[in-house]
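In the block that follows, a single chain appears as structure tokens, in the form predicted on its own.
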């Protein structure tokens, strides 16, 4: 019942604001001047002036095309996990378009809480006709609807990428460490690699990592179980619920069941004793990627897309001969997934004063080639060049670490306008093909969980996990097994079983509705 009330309230809020928006549109139109549309993006706003120069040119075009201009509002990486949802639910009417996602940016939760304007088919057909037609032809609108049948966001469903996470490391150092072909083929190989780096590269940390992190745990867990994380439910920064490939409709948790978490924590303790990271890594606020580029770290952690578009090129230029390589979580047992089609998506704020104009601008940014190129790549000749063989390159002296555009349009990219880049890994297509051959389809793209009743429990679980997981990741407990058992007891005390049962009920209903066993 509560869920229904929340949705009804959200719809009324949206409709009420939509009426207000129409008044706002009329007022704007009365002035005859362009309407400013603000788009919320994730990332650190660049200070090199290139973004502003690009927007000046883009806005000249948008003014002529739609009598509108675009501005970007940034939620920065340092606090996005706390500030993103706060901003969306703040009632701020200065944001019109919102970058979102169902797997990492709480799209379903924010839709249910009324942050997004419901988008009718007629509204999309009139104000974003090219986007409507493409998504409709692919049959992907159902991926964006709550069970009230309304569309709440637009999927970035026509852009090829892989975002499975793992370690970047140096093939030259791995070769010197004695790993066959200089390659890590299982998670435990990093003990050999890190030990060699510690002994032979005293100026470098084997893995210079900063702040709260759990890669040393989840990388092991994914490669040593068939557990698959339910991406729609998190407890703060953590994703505590999984199913197994063998039993895909029974909810469990790799934090709560099995011996693998203890095994991972014991390995992390061993790495801590080797000196893999800084003693104060949990409080270190430096930039590990720049340390990796500078030859002062033996590893970095992020996803495939970062590796093929940034790491390979930067390492080859800044650390010639380093032979950068990537080991992704689940590589050793094939337990990894293709991106879901709503890994990137765009919503219209329920508080937007100009929702129709916002859709018109989005339709141009997504489908007009020149607008798209400006927003995503900047000004030709300054931010990028087109090479004689048709690739996207960069002017002499360009350094992505300092010269990047940083527009971060991750909610409407299109393969049609994505040129191959001279900075892409030479074997990018091979890497994608190899991943495609093994990666699994995420089985729960249409699963919507009712979290209203368990939100307080998830918040309490977040507190417990925040207390233990970073310490386990950095190997700080003398007795990891005792620490894991203590954590599990606290999770049970704050209601883990109730939360698991609630999610299980939703999965049961979802599976029954689809005739799944």
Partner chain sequence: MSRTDAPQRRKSLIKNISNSRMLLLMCVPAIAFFVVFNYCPMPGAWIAFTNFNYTDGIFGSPFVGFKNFEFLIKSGQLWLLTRNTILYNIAFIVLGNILQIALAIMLNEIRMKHFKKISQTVMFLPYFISVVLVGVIAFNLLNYDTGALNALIEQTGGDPIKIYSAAGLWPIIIILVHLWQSTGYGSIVYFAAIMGIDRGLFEAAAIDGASAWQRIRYVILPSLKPTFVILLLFSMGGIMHGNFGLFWNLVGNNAALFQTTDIIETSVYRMVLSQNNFTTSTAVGLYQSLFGFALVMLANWIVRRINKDYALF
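A quick note: this is a predicted structure, and the numbers were derived from the prediction, not measured. Positions refer to the first chain, counted from 1.
In what follows, reference is made to the form predicted together with the partner chain, a form of this protein that is not presented.
Heavy atoms within 4.5 Å of the partner chain in the model of the complex are found in one stretch of 81 to 89, 382 to 390, 176 to 184, 298 to 306, which is 81 to 89. Of the candidates 441, 415, 279, 142, 279 is the one whose heavy atoms come within 4.5 Å of the partner chain in the model of the complex; the others do not. Out of the listed residues 333, 161, 195, 237, 237 is the one that sits within 4.5 Å of the partner chain in the model of the complex by at least one heavy atom. Put simply, residue 470 is close to the partner chain in the model of the complex: some heavy atom of it is within 4.5 Å. Mapping the unseen interface onto this chain, residue 283 counts among the residues with a heavy atom inside 4.5 Å of the partner chain in the model of the complex.
Proximity of residue 131 to the partner chain in the model of the complex: non-hydrogen atoms within 4.5 Å are absent; the residue sits far from the partner. Of the heavy atoms in residue 49, none are within 4.5 Å of the partner chain in the model of the complex. Contact with the partner chain in the model of the complex holds for all three of 109, 115 and 452, each having a heavy atom within 4.5 Å.
Scanning 451 to 465 for heavy atoms within 4.5 Å of the partner chain in the model of the complex gives 452, 453, 456, 457, 459, 460, 462, 463 in sequence order.
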